[in-house]
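Only one chain is shown below, in structure tokens, and it's the form predicted alone.
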């Protein structure tokens, strides 16, 4: 998969979390993901369709990081992942994808975004509805880890 498709999601995620939750993430090394098991406790997934390609994006957070982001954004820290946390993860998924959509639009790639879905719980799975490879990019922070997955049909 073209790095041109990955970098907008990476930079958008780092921007959204730095701006909205004063949270700095350190990106790791991207790799091809072979299974569908999420690398985190709560995940947002969103589909994208455009004239040139279709794809999907997901972000998974460790519970501790999700709760810290919630606390920094809204001033309250729940004891565990609850409906408000899953709503927040859906909103972050939307914001990151929207930011990436703008960056990709500057390069001539247009697509529409679906409504994100959020899944949580140990061992939950993420199914990307396209044929391209799934690229996973790990992120670390002082408050826990996050992982993004990006998959687009081949252009």
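Predicted, not measured: the structure shown is a model, and the values here were computed from it. Numbering follows the first chain given and starts at 1.
Although it is not shown, the form predicted in complex with a further copy of the same chain is what the next lines describe.
Partner contact region in the model of the complex: 120 to 128, out of 24 to 32, 102 to 110, 120 to 128, 65 to 73, criterion any non-hydrogen atom within 4.5 Å of a further copy of the same chain. Contact check for residue 95: every heavy atom lies farther than 4.5 Å from a further copy of the same chain in the model of the complex. Although the partner is absent here, residue 52 sits far enough away that none of its heavy atoms falls within 4.5 Å of a further copy of the same chain in the model of the complex. Residues of 70 to 96 placing a heavy atom within 4.5 Å of a further copy of the same chain in the model of the complex, in sequence order: 83, 86, 87, 90. Relative to this form, the distance between the C-alpha atoms of residue 145 and residue 123 is reduced by at least 3 angstroms in the model of the complex.
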